[in-house]
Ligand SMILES: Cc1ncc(COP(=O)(O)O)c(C=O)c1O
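Just one chain follows, in the form predicted alone, and it is written as C-alpha cells.
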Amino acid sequence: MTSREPSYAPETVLVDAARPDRSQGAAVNPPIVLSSTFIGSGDIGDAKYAYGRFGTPSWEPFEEALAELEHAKLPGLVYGSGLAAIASVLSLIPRGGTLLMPRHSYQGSLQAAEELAERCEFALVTVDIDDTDSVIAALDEVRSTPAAARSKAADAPDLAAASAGSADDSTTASAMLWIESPTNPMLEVADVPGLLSAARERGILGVVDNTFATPLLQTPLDHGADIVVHSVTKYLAGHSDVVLGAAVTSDENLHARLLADRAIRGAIAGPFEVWLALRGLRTLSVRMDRAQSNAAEIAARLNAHPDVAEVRYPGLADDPGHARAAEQMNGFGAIVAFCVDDAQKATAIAEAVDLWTPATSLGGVESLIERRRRHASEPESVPEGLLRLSVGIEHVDDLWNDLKAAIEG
C-alpha cells in the first residue's frame, strides 16, 4: 500500500484508501500486527521493520489514508496523542527562533508552546489570527529583527526573531507560523492561503492545525502549508474511544526529522488504536455531513434566542468569519460556541442538559457541551460565559429541545 495522488472525491477516498491488495480470498481490511519486534540480521538501517518504536505495518494504512486525504506526497505520521504530534512539530523551532501562534488556540497547544519556549529559549508571539494585516506585520518583524534581539519572552512582537531560512528551504527556517482555523474555542477564521503565502515569502515555516475542519473542509498543503497536524482523537477517529495525533507533510527533510523525533522520544501509537482510527475514518464524510447540518440549525436557533448574548459559528451570515470561510472552505464544520451572561449561568446550562454530554473533547458522534473557562489554562480573553458545543449526529430537534430547556432553566 502506497500513498497516491487522489483520483476520487474525498468521500470515496475515505472508504477506498489503504485497502490491502486484491487477491482471491484476501481480507478487505488491513490486519492488526501485534508485534513489538521483527526478524532481521543485516544492517538495521536497511530494514523496513525492525522494532515497533521505529515503524510497524499496523500504522501504515491509516498514515497512507490520511496522506491521501490531505494531498500529501509522503505518508502521514501517527502519534500517541494530538499533543505528541504538536510537540514533535514544535521541536523543529531552533533555540533563538520564533513561534507565532494564535492567542485563541487549543489550550494544550498554547501550554506546550509556552513550556517549550521557556525551556528551549525561543520567542513565543501570540497574534489575532483572523487579523491578516497584523499577522503579516508580525511576520515582517520576525524577518527583520536582528538575530541578536532573539528572546525567550512571550507575547511581545518586538521580541520576534529573524528567520534564517528562505521560501525554498523550509527545514532551516528559524521561525514558524502556527495557524488554527477555525480557532478553538472562538471559531475565528484565518486567511489560510494568504497567511501561508506570506510566511513562505519570508522563509517562515507554515503549520496548520486542521483538527476542526478536517481534510473534508480544507486541505492546507494545497495552499502552501509545510506541515498539517491533527488530533486524531477528534473527528478523524470520531467515536471518543482513542487518543491519537498525526502530522503530514510533503517535504522529505521535514518528514525525516519528524519521523526521527517520534522514534527517539517514543511518542508512538498502539496498533489497535490506529486500527480503530482507520475504521472511524471510513465514516468521516457521513458523520461530518450530519453533524454539520445539525450545527448549522442549532447555531441559527441559538442566534434567535433572547437569552443568548452571542453565537460564534462561521456558517451564520452575520458571523465575522463567514465570508472568509465560505470562500476557502468546503463547509463550516460542526463546532458552535455561544455566550450567556456569566460563568454561573453557563455552568448551570451544562449541568441541566440530559441529551448533551457535559465533557471536554469534541468530534465524536455524541454531542458535547463545555464551559471552556473551567480550564485554568484557557486564555482570559475567552468569555467566562462561553459554552463550546461539539454537535453530534443525533436528531436535531432532540438536541435543540434539550439545550433550549437548559438555557431557559
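Here the structure is a predicted model, which is why all the values come from computation and not from measurement. Residue indices: 1-based, along the sequence shown.
FYI, the form predicted in complex with the ligand isn't displayed, but the following is about it.
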Q: Could you tell me which one of Leu187, Ala190, Val208, Leu244 places a heavy atom within 4.5 Å of the ligand in the model of the complex?
A: Leu244
**Q.** in the model of the complex, the residue from Ala65, Leu362, Ile349, Val340 that sits within 4.5 Å of the ligand by heavy atoms
**A.** Leu362
Q. Does at least one non-hydrogen atom of Ala267 fall within 4.5 angstroms of the ligand in the model of the complex?
A. no
Q | Touches the ligand in the model of the complex: Thr98 (any heavy atom, 4.5 Å) | A | no
Q. According to a 4.5 angstroms non-hydrogen atom cut-off, is Gly82 in contact with the ligand in the model of the complex?
A. yes
(Q) Contact with the ligand in the model of the complex for Lys234, defined as at least one heavy atom pair within 4.5 Å: yes or no? (A) yes
Q. Counting only heavy atoms and a 4.5 Å cut-off, does the ligand in the model of the complex sit next to every one of Phe54, Trp59 and Leu258?
A. no
Q. Among 269-277, 179-187, 110-118, 215-223, which stretch has residues with heavy atoms no more than 4.5 Å from the ligand in the model of the complex?
A. 179-187
